[in-house]
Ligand SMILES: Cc1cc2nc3c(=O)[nH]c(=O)nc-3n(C[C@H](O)[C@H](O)[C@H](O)COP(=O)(O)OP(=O)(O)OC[C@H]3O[C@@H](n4cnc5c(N)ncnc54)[C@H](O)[C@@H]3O)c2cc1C
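Quick heads-up: it's one chain on its own, the form predicted alone, in structure tokens.
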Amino acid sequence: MTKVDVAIVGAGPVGSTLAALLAKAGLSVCVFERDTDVYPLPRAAHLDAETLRTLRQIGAWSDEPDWSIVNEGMDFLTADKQLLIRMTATLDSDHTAPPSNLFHQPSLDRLLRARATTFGATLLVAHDVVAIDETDHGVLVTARNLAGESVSVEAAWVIGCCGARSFTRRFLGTGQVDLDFDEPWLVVDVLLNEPDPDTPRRTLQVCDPARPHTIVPMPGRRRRFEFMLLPGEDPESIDRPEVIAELMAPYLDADRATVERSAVYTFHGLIANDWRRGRVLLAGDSAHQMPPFLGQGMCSGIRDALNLSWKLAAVVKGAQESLLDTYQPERSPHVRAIVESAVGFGRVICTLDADEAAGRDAMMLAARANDPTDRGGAPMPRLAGSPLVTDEGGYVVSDGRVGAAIFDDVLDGRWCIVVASDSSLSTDHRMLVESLGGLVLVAEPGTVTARILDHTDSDVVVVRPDRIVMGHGAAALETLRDAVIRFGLA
């Protein structure tokens, strides 16, 4: 029987990213995917700079125009197209990753699977997992292929990345916290028959009480339209070519485009109660679901993968299993805050009462008249809740360059301490970092390392392998020392 360090259920973006990160770290990985190939049509559409940096870490990013485009931001409009809010995602010249990006998911899925197998992961497509059984030595995962034959793999650890209807979550027997948001929307992806000489670069949220809707500029000749179903509407009656053409008509003539895909989805706000039982864990949609109004669903799943990957790699290589007990306490409150923000935006967008919408519009238009400044993107919460982060830490380290190199390429998933000078770090602390296989970088003027220190009041910043700042100064160094001892990291 085949034995591996980690078995992953599901080869979507989260499962494939996790597989690539783990295989790159030297672990043996087997991924089970029930479908025969990647889903051929777009589903997820947006990712942020943090997610792009993770994809770039495993060589799974492309800025080719048919593959991805930079999104300049999001406009919230009234029914008659007055601007309520403008959120602008500005790329600072000091950074290398655009803050907001729109991409073609089938292309990403293929590249992620290719990168995972290049690093050494085994991908078993058309293998539907039918049983997960804990044993004395690990976890037995049994799948059935298209011929009806059973294939079993024994893994030290199993991660369920198997989506909203997660088989792995059912195995754990955990319930979900429902944030009381269940709204059906029609999602339509179209392919323009001719290139658009004036490709839009902003997402539009049209807060029309007659029918809230969203327009997303996708890469290449693609566009996405999303229309909220009204109370009592039948999904089958709205998902028809003539209805879709009528809904798109204010923005696009039906004869200018071909519908690639249309489907009705119910947007939820859900968080699993338990993300781990023994040697089985959850990530991505298996652990949480959110409405798409902030474009953070897939991003949050890839944050799960990055957080979990360095901890799993450390445990497989000898660290204490209790290190994995920090996964849910860090990730669950973080993702819940994002889900709650997305639900909050959704409640604003999904207002159907005309009088309530008029009051909302009047208030927001008055606020914009008083302060027409564009807003930035929705701020990300900090990580907290574990002994691996101090009160001052928990945020993603800055992006940029060190000389000619991209800072993330220098880090390459390692522990790092950025210091003002060689004298900022004692010999003991320098040896501590070396024992972790990490690196010490002395800040250089005009580079990201200087900006990292400028963000704090300290001459020392400790950065984890997932690019999360553990903390600053002496407190962070002691937190690092305590973590090494507590979890056997070195």
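These numbers come from a predicted model, not from an experiment. One rule holds for the numbers: they count along the sequence shown, beginning at 1.
Keep in mind the form predicted together with the named molecule is missing from the figure; the text below concerns it.
Considering only heavy atoms, tell me if Cys161 and the named molecule come within 4.5 Å of each other in the model of the complex. Cys161: contacts the named molecule in the model of the complex.
Taking the named molecule as it sits in the model of the complex, is Gln296 near enough to touch it, meaning that at least one heavy atom pair lies within 4.5 angstroms? Yes, contact at 4.5 Å.
In the model of the complex, does Pro292 have a heavy atom within 4.5 Å of the named molecule? Pro292: contacts the named molecule in the model of the complex.
Using a 4.5 Å heavy atom cut-off, state whether Val389 contacts the named molecule in the model of the complex. It does not: once the named molecule is placed as it appears in the model of the complex, Val389 has no heavy atom within 4.5 Å of it.
Going by heavy atoms within 4.5 Å, which of 259-267, 194-202, 399-407, 345-353 lines up against the named molecule in the model of the complex? Of the options given, it is 259-267.
Counting any non-hydrogen atom inside 4.5 Å, which residue from Arg53, His46, His429, Arg451 sits next to the named molecule in the model of the complex? Among Arg53, His46, His429, Arg451, a heavy atom within 4.5 Å of the named molecule in the model of the complex occurs only for His46.
Option touching the named molecule, based on a heavy atom within 4.5 Å in the model of the complex, out of Trp415, Tyr327, Phe76, Phe167: Answer to the contact question: Phe167.
Heavy atom within 4.5 Å of the named molecule in the model of the complex: which residues of 1-26 qualify? The stretch touches the partner through Val9, Gly10, Ala11, Gly12, Pro13, Val14, Gly15.
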